[in-house]
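Given as structure tokens, the chain that follows is alone and in the form predicted on its own.
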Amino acid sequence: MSTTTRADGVLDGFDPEIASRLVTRRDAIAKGAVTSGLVMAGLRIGTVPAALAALSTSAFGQGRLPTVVNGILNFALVLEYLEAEFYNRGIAAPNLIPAADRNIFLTIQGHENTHVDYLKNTLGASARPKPTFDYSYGNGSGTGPFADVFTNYTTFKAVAQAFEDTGVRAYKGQAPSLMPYKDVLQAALTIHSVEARHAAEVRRLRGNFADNEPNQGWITRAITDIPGTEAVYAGEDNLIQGGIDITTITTVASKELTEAFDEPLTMAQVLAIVDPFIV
């Protein structure tokens, strides 16, 4: 599947810029960092590093983020737009989410909308506009395999799991490129860990919190019980870590070994996964 159709533009301008302007909170404020929007967005995520990253971004200057940072944050923004609108629509759908589960999704909804606000504030004028989404997975037809996503709670939970599992692997995949920009990397990792908590909660919810395979809080091999989401889990059966075949250094069964390590997805892999959701 093409990764540059409806999702085009996210991969543009990825020539690396070797520039890192790490600043202290005091220096950033002295340089006129805007705290009202950026820092408060970081604090709403619940982490001081995210707020400090916002301050440092202000010191870079709106519209003057390093090219690699701009591209990765816009890539993340597309995913957060996708998730935030999904939960907004799910919460608004009449009689979709049972009362017993509603607080779970209200909490996740709040987190995802905060992530959108934070990334948009950080990117400023460089932020991509929100795409139009087709949550049926039908490229705008509205007739994809998840066409009943906002009327069938089982489908809604399945799509939520696929989104959250994709988000965790997507943030992990971009971490190496953010290594020269430690404050931005810290901010991305604070979002990554929250997405992982979402994924575990939704996965367990689908299994009625019994932690029975495949609906437990962790991923086993590359197993999925959601038709059409095989690409979300591709590579999760990897047994080579740091160049070491981990089956040769432990007596733990291979199934459990795959559960002990979570694999990244490349930007191209993620864009191929989400492309059918984008009109």
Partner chain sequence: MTSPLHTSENRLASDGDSVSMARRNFLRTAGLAGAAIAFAGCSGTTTELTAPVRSGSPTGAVVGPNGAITLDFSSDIDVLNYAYALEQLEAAFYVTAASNAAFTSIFAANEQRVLLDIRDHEVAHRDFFGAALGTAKIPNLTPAFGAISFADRTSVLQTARTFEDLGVSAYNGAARFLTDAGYLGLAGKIVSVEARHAAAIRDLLNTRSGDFAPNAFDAGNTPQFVLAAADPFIVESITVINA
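Numbering follows the first chain given and starts at 1. The structure displayed is predicted, hence computed values, not measured ones.
The form predicted in complex with the partner chain is left out here; the points below concern that form.
Looking at Asn121, you'd find every heavy atom of it more than 4.5 angstroms from the partner chain in the predicted complex. Interface membership of Glu201, defined by any non-hydrogen atom within 4.5 Å of the partner chain in the predicted complex, is confirmed. Remark: Arg128 does not count among the residues lining the partner chain in the predicted complex, judged by a heavy atom distance of 4.5 Å or less. Contact check for Ile72: no non-hydrogen atom falls within 4.5 Å of the partner chain in the predicted complex. Though the partner chain is absent from this view, in the predicted complex it lies within 4.5 Å of a heavy atom of just one residue from Val168, Val149, Ala162, Val78, which is Val168. Using a 4.5 Å heavy atom cutoff, none of Leu82, Asn88 and Ala158 lies near the partner chain in the predicted complex.
Contacts to the partner chain in the predicted complex (heavy atom within 4.5 Å) from stretch 105 to 131: Thr107, Ile108, His111, Thr114, His115, Tyr118.
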